[in-house]
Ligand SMILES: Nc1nc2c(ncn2[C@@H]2O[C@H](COP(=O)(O)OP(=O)(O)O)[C@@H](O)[C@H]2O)c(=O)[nH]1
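What follows is one chain in C-alpha cells, specifically the form predicted on its own.
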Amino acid sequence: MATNRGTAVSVHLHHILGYITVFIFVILSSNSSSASEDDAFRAGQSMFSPVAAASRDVRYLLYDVNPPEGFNLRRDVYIRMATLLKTLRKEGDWVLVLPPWGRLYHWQSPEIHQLRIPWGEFFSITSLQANIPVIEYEEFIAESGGPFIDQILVLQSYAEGWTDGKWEEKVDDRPCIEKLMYSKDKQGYYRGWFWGFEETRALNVTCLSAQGHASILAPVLQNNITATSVMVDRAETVLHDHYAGKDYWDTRRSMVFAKHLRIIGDKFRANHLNSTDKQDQTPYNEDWTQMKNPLGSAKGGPYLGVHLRRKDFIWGHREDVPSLKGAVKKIRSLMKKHKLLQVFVATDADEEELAKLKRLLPEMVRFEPSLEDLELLKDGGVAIIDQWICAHARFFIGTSVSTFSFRIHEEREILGFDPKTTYNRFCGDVEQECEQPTHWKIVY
C-alpha cells in the first residue's frame, strides 16, 4: 500500500513542479521590472554591483555551525543569528548571508547529490526578507566581488568554565582550544569546508570565547572589527536573546516553507488523507505578517500525525523512546480516543524497522517519493513535507527532545491548533515520569 502511494505522489509531483516553475518565472519577471534598485537590494537581490554595494557601506554577516548538527537545530540557530543581525542593524547596514545546505548527518540518501543547496529550495526567501535582509551565498559572492571572507570568528566556550561557579555574559579573544578546521594554503589564505564551495578563501581566522546570548557579539562586530564580511563559526555556541518572545516568533514565522513543498504536501493530504485547508479550518496566508490564527481555531485533518524518531535516538535516549510495539500501542490508543481511522507517520527508521512497523501498523500512511522526485526535493524537502503534513493532523504526537518534533509544534502553533492536540510525545516503555513538552505560546 505504501509503495502505491509513493508512486501516486511521484506522478503528481512532475505536474505540480512544472506549474511551480512557470509561476516562479512569472513572479520573478514582474518583480525585476517593477522594483526600484533600492528595494531590490534590500530584498536581497543581486542587482547591485560590488562597487555599488561598497558605496553603501554594506557589511555581511555569515555563519556556520558544528558539522554534526542536524537540519532542525540549524533552523534554530538561524533565529539566533537573525536576532544578532537586528541588533547590528541599529548601528549599520548589515545583511545576513544564508549558509548553503548540504552533507548533513540525517540526509542519508546516497544516490543523490546534496551539496551547495540554496535556502530558496526549502524556504521562501521573500518571507525571510520581510523580517531581515538576507541573501544566498552565491549572491554574496556576486555582490562582494568574489569568494572571499574577510574575517572568521570561531566561537568556543571558556577553557576554565564558569568562574566561581557563576554564569555571566562575556566574550573575549582567546587562544583556540581545539584544532581549527581551517588550514593555510601556499598563498596564505585559509581554506575550509565552506559549504562545499571549494573556491572560497578566508583572509583571517581567530577564536572567540563567548558565553551568553547572540547579541553579546554585536559590540565586537561593531567596534573591534572593521572587516566588510565576517563569518561566525560554531554559531550554536551563543543562546537565544529572548526564547519564545516576540522577536523569536517574528523570525520563526518568517521561516515559511518554500511554496512548491507546501503544494506537494497539500496535494498529498487531499489525495491520501481527505484533508484540505477549508475542511480542516487551517486557512493560510502567503504573507506571514498578516497571518494570526487564534489558538483552538484549527480543526485539522481526519488523521493522527506521528513523528517517530529512531536510529541514533534509540541508543541516545533509551529511556524516553518507546519500542516499535510500544509506539504502535500508543498510536492505536490515540486513534481510538480521537475516532481517527488513518495515521500519517514521519520516521527515520531503517528498512528493517520500517518493514516491522508496516506489519504492526498496516494502515500507516507515509510520504515516499520516487528516486527521481527525491533528486528534486532532496532529503531536506522530504523532511519539510513530512512536517507540513504532521502539522495539519487532527492530533499530533512526537518524540522526546527531538528538534524535528519541536518545529512541528511551532508550525501547529502558527496554524492555530489547540495546544492539547500539539504538545504530546511518546513515552519510553518503562519510563516512570513521562513529562510532556512545554507549550511555548506564540507572541504577535
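Note that residue numbering follows the sequence shown and begins at 1. Since we're looking at a predicted model, the values are computed, not measured.
What follows is about the form predicted in complex with this ligand, which we do not show.
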item	value
Ligand-site call, this ligand overlaid in the predicted complex, backbone or C-beta contacts under 2.4 Å, 3+ atoms	open
The single option of 190, 71, 119, 193 touching this ligand in the predicted complex, heavy atom within 4.5 Å	71
Listed residue (148, 107, 197, 288) with a non-hydrogen atom within 4.5 angstroms of this ligand in the predicted complex	107
This ligand contact in the predicted complex: residue 403, any heavy atom under 4.5 Å	yes
Interface membership of residue 346, this ligand in the predicted complex, 4.5 Å heavy atom rule	yes
Contact test in the predicted complex: residue 65 vs this ligand, heavy atoms, 4.5 Å	no
Partner contact for residue 382 in the predicted complex: this ligand, 4.5 angstroms, heavy atom	yes
Location of this ligand contact in the predicted complex, chosen stretch of 236-244, 346-354, 214-222, 256-264 [non-hydrogen atom, 4.5 Å]	346-354
Sequence-ordered residues of 137-153 touching this ligand in the predicted complex, heavy atom within 4.5 Å	none
